[in-house]
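Take a look at this single chain in structure tokens; it is the form predicted on its own.
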Amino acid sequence: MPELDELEARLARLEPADFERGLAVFRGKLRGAEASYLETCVRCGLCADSCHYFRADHELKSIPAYKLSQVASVFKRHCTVEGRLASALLGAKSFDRAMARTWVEAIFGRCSLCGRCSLNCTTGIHIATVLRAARSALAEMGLVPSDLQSVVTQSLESGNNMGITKQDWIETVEWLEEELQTAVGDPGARIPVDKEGARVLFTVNPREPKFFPLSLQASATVFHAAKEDWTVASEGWDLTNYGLFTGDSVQAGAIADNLLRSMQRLGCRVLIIGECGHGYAAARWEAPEWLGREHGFEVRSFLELMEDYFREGRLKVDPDRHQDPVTLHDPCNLVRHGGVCEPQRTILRRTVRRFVEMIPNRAENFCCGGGGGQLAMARFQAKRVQAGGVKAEQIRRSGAKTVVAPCHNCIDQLMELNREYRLGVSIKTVAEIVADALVFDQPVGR
């Protein structure tokens, strides 16, 4: 397997100084609370059933506490006096090539950083935070899986994670503007580009212009119906940030800064993150820490903005256009980590006739399996699809015909699960549901 061979080659090249650098980064990520987590686990095992990896394969290595123990053993050996003096007694282990290999397997291969285990930990350990710190150490040592790192590199070099040129982006927007005008029956409908002083700067996942342009058109339709003062940027428009997944805070900060510079250049007042779980978490919560400064403007999810439109009476919809049962997937970074839980539900109850919840839902909902950079790591594809079986079963039990997922990473994973597990559902964004239900004063050619 090429990725495996490449990983072994990188492991073989590691020098003692590389391990020291990795440990230094790891220590630097551990504040008092995080360090205490590594001494707190009581091995009760309650986290096991909370993890979609363990529920899918029932392997010891997939239990969150086991993954945590691999990190804790290194912490005890290199960061505590007791561990150095009595390593065998305390289960402390040296950070060597074998342990680095174990970390890659456990932390990249069997964890999507979804955080569900933390909600069910009897001692309140935030396991995802510790494992992300371990990813940071591996990133410092050059051990991030190469295909995941390539997404970050592409963002740094081209400004978006798919290498879409400025010309191609502008031409796509112009084409979609024409489609928008036809769809809403209004030749004055616009998708503004670089409109200085616009209230809203809307940011986009590159998968939309590349593969799902109708999703971007749906968002534009919502803005048009709400009569919003908005714009997209010609540069610095990509909301994704895979630096959140590699653990490299410097690179993640540089990617986040692209959005902030667009806000400053255009003088917009509100940065709206399109439907993307990790994109919202990165821009709203993580970027100030990475960059060491506050934004100075409001950062919101498009879901929150659409909820405002409904509350203010700016959107008219006909829920009878969605007769089949519709269920909702909760992206981990948006809901469990990001706190945006109810807007999407408020919107769906207004726009569909039969909304049914998955069980469990909201913060307790299971990860689809596509988060944490999993979609970008071919080496772990089989494990990712297997772990996604938990989500597939949730969907099947809901009886829904349409699954709404306000995140394109989740949508990609759900589309694969739809094929693999023969679910027979359609998968849409919230904006697509809203756009299809919109009622305009003039005839619409949708």
Partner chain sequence: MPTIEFSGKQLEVNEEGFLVHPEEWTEDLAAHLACKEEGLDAMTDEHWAVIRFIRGHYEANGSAPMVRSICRTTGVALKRIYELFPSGPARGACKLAGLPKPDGCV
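Owing to the predicted nature of the structure, the values given are computational and were not obtained by experimental measurement. Positions refer to the first chain, counted from 1.
The discussion below concerns the form predicted in complex with its partner chain, not included here.
Considering its partner chain in the predicted bound form, find the one stretch among 104 to 112, 186 to 194, 259 to 267, 146 to 154 with heavy atoms no farther than 4.5 Å from it.
Careful reading of the contacts points to 146 to 154.
Identify, from the list 325, 213, 236, 253, the residue with a heavy atom within 4.5 Å of its partner chain in the predicted bound form.
The residue in contact is 213.
Identify which of 354, 77, 207, 300 has a heavy atom within 4.5 Å of its partner chain in the predicted bound form; exactly one of them does.
Partner contact (heavy atom, 4.5 Å) among the options: 207.
Looking in the predicted bound form, any heavy atom of residue 161 within 4.5 Å of its partner chain?
Yes, residue 161 lies within 4.5 Å of its partner chain in the predicted bound form.
Any chance residue 181 has a heavy atom within 4.5 Å of its partner chain in the predicted bound form?
Result no; residue 181 lies far from its partner chain in the predicted bound form.
Is residue 397 close enough to touch its partner chain in the predicted bound form, meaning at least one heavy atom pair within 4.5 Å?
Although its partner chain is absent here, residue 397 would stay clear of it in the predicted bound form, with no heavy atoms inside 4.5 Å.
Counting only non-hydrogen atoms and a 4.5 angstroms cut-off, does residue 393 reach its partner chain in the predicted bound form?
Judged by the heavy-atom cut-off of 4.5 Å, residue 393 is well away from its partner chain in the predicted bound form.
Judged by heavy atom distances of 4.5 Å or less, which residues of 370 to 387 approach its partner chain in the predicted bound form?
Those in contact are 375, 376, 378, 379, 381, 384.
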